[in-house]
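Given as structure tokens, the chain that follows is alone and in the form predicted on its own.
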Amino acid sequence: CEGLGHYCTLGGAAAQGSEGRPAPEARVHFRVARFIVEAGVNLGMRSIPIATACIIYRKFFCETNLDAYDPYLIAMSSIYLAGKVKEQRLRTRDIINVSNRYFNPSGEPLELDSRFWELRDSIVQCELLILRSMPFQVFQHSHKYLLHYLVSLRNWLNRHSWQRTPVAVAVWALLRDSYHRGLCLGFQAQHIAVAVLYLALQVYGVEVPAEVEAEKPWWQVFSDDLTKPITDNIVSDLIQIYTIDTEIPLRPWPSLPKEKPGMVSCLGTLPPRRHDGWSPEDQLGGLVVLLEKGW
């Protein structure tokens, strides 16, 4: 996923509007990423397929203008495609029903009428469109690196220090939240894994033994080509995710793009509407960790 510079302006430093606020496109993509994660959880998807869906969505819009396609329709197709790529196949009917409940929490399930079949056909057609836009691309996730780093660090740290601080829980929450902004498009997978581990240790004040006497810092032991500026950039972007999250309250979403390409029918797309109230499960997992520690 590396080599795409500033995340194709989908969420990196380049995607800033006036007064340092996220640009409108970045806010849209953040909302859609939030939808992908929540829909994926409700569909029973594993972490890596959900992460794959987020990457597929963002890489598609690296090649395409946001106004050309309905972002939520592309997100639904990304979920459908990610299930195939990571061998967790999902039925289009389940994706449609979960999405309908997301947009209409108090609404009735969709009937098997023309609107339903139009939306189903749109998801399938969009899947083919996405495949044409990114042929034979392999997605490398940070999960496998983070798992190995956690095991190594657990054996390295004092056992009591490890047990009394939920570092493992925090790093997985931070990694999951990183896909709201597409860090994988701008940084190597192993660098992101080290950075979320570094941030979690900083938040809980956990010190790595013999760090002062060591010839090089512990995080460079895990990844030789990782530098402090890269780590700081990733940590800064992670924290920025939670800043954006506080600036985008849970309220009815803005209207979706009205003009659709003729090759992809989007007549069945549902208007996005959500409840106004807040609940802990709606908040990003890593944000809870940072708020608890006063960051």
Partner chain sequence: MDRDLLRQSLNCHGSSLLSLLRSEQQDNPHFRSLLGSAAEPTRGPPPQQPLQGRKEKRVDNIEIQKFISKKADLLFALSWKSDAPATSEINEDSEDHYAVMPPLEQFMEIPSMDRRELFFRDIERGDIVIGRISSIREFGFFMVLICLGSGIMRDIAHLEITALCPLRDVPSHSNHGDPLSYYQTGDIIRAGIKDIDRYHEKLAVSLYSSSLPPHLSGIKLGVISSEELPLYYRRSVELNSNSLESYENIMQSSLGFVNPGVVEFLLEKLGIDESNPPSLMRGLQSKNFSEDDFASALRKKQSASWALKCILISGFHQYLL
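Model, not experiment: these values are computed from the prediction. Residue numbers count along the first chain shown, from 1.
Heads up, the form predicted in complex with the partner chain isn't pictured, but that's what we're talking about next.
Residue contact with the partner chain in the predicted bound form: residue 227 places no heavy atom within 4.5 Å of it.
Put simply, residue 114 is far from the partner chain in the predicted bound form: not one heavy atom of it is within 4.5 Å. Not displayed here, the partner chain is kept clear of residue 31 by more than 4.5 Å at the level of heavy atoms in the predicted bound form.
Although the partner is absent here, residue 216 is a contact residue: one of its heavy atoms lies within 4.5 angstroms of the partner chain in the predicted bound form. Only one of the listed residues (147, 134, 124, 85) places a non-hydrogen atom within 4.5 angstroms of the partner chain in the predicted bound form, and that residue is 147. Annotation for 142-159: interface residues with the partner chain in the predicted bound form are 144, 145, 147, 148, 149, 150, 151, 152, 153, 154, 155, 156, 157, 158, 159 [heavy atom within 4.5 Å].
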